[in-house]
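Read the single chain below, which is given as structure tokens and is the form predicted on its own.
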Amino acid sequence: MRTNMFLRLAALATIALAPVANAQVIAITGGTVYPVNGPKIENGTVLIRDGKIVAVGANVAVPADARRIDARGKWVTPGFINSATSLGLSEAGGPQFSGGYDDTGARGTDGVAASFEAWKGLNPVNTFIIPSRQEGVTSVVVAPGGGMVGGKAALIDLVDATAAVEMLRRAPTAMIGDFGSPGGGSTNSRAEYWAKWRTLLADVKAYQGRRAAYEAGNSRTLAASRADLEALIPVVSGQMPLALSVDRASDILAALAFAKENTLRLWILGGAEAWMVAREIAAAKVPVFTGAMNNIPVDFNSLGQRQENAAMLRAAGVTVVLVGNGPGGEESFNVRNIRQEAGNAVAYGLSWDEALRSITLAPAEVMGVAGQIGALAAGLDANVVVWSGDPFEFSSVAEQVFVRGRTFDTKSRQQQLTERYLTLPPGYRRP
């Protein structure tokens, strides 16, 4: 009896681990296809099998058993990537509002929380995830905020999941820091703040070279905890990018010099005045993550903020990754607004093709996942969106969204509430 039970359990385990037989083949046919890594294809076909794109073109043979999606008159693009969000880390504005939560930042020590891994606090059923996906966003970077060194960011796919690990595509993608705002609990000026940065990286190198002495207690006091020093070793060795939030032109130049001095892989986040030093940024081959919704300075560090920033940077040869910089929670509940960000960038001088690239292939290349997502090409994961029209037009909608080759019919909280109150209770009288 017991033997039979074990045999049945073993058989069930084998079934669960075995690949799915007769996996569905999906053919998106007749649409205008924008592969991003090549010219657009009129009356094109995107063929998907086992979650992967297997063919893209105008003359793709469609298997007889494929599920066809008629995209005639529609636009087909890769799924959009929003590269600066806190999606899944907070809800309802924080604990002070309606019992919400906020896991976007760590307390750290003296402004340093390098060992903080933001995605470890990700809520996979966060109510903002589904609306983001429904608007064509298939991947996002989940990044920590606050402090001199905020911690590590991760790239996730917006699939339905019960555990955050199921959503991860790459972790970590970068170490997040701030280089333009004196702070961290012990500095009052920029010069002192930058000296603190230099001391921190020098101590990371000292710790890396003398771990045994540190463990034995034969080391001077270092600028960060052991966990934070360990977390920064990939940064000082050039393996992990350091993404610094910096807006003022002079601060950007200081950040470029700092990165060169320490042989760092640098990303610039924000870059309100980056257009002023675009030539220097291009020469340093540093990508800029910036937006196009805002031309109003939020402080004296961003007096030169302008909506042509992205276009001017790209014209100078800078790699531009568009992210949200407008009001209204673009990093959390309005992550989906990335397509409006791209549309605005086009209105202010960026070409349409470059705008599409800046939220698809450009971030994929910068993060080292261009062989997985960011374009429509054979071998890539099927993160694909079928649009009713130009995705940068406000009236267009995402009619079909595939993430890893799957569509999801999970309803958003907004949809659930709408449906709940469509039918009024018996005896209810309108006022």
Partner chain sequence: MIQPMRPTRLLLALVAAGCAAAPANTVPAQSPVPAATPAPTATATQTAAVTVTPKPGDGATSRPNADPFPSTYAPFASRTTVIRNVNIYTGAGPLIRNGAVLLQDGKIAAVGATVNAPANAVVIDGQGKYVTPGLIDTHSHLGVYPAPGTAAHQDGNEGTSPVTAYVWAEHSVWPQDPQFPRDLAGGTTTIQVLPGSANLIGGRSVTLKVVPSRSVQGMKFPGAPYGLKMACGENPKRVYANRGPATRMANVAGYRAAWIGAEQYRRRWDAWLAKPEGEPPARDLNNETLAEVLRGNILVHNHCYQADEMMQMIDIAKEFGYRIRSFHHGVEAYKIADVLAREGISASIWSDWGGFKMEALDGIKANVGLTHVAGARTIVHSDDASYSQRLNQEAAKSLTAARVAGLNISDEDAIRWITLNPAWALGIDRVTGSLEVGKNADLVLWSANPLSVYARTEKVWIDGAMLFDRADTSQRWRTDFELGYVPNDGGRR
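Remember, it's a predicted structure, so these values are computed and weren't measured experimentally. In this text, the rigid core denotes the largest set of C-alpha atoms whose superposition between the two forms falls within 1.5 Å. Residue numbers count along the first chain shown, from 1.
Missing here is the form predicted together with the partner chain; even so, the following discussion is about that form.
Peer 1: Suppose contact means a heavy atom within 4.5 Å; in the predicted complex, does that hold for all of M276, Q305 and L422 with the partner chain?
Peer 2: Judged in the predicted complex, M276, Q305 and L422 all sit within 4.5 Å of the partner chain.
Peer 1: Which of these residues, G326, G146, P124, P234, gets a heavy atom within 4.5 Å of the partner chain in the predicted complex?
Peer 2: Selected residue: G326.
Peer 1: With the partner chain left out of view, which of T187, N334, S245, T104 would have a heavy atom within 4.5 Å of it in the predicted complex?
Peer 2: Contact check passes for N334.
Peer 1: For the chain seen here without its partner, which of 261-269, 128-136, 76-84, 202-210 has a heavy atom within 4.5 Å of the partner chain in the predicted complex?
Peer 2: In the other structure, the partner sits against 128-136.
Peer 1: Tell me, yes or no, whether F392 is in contact with the partner chain in the predicted complex, where a contact means a heavy atom of each within 4.5 Å.
Peer 2: Contact check for F392: yes, within 4.5 Å of the partner chain in the predicted complex.
Peer 1: Find out whether any non-hydrogen atom of L356 is located within 4.5 angstroms of the partner chain in the predicted complex, and reply yes or no.
Peer 2: Result no; L356 lies far from the partner chain in the predicted complex.
Peer 1: Any chance G343 has a heavy atom within 4.5 Å of the partner chain in the predicted complex?
Peer 2: Yes - in the predicted complex, heavy atoms of G343 and the partner chain come within 4.5 Å of each other.
Peer 1: Please run the contact check for E166 against the partner chain in the predicted complex: heavy atoms, 4.5 angstroms, yes or no?
Peer 2: Because no heavy atom of E166 falls inside 4.5 Å of the partner chain in the predicted complex, the answer is no.
Peer 1: For the stretch 284-319, which residues lie within 4.5 Å of the partner chain in the predicted complex by non-hydrogen atom distance?
Peer 2: Going through 284-319 in order - heavy atoms within 4.5 Å of the partner chain in the predicted complex - the hits are M293, N294, N295, I296, P297, V298, D299, F300, L303, G304, Q305, R306, Q307, E308.
Peer 1: Would you say whether R413 is displaced between the shown form and the other one, judging by a C-alpha shift of 2 Å or more on the superposed rigid core?
Peer 2: After core superposition, the C-alpha of R413 moves less than 2 Å between the shown form and the other one.
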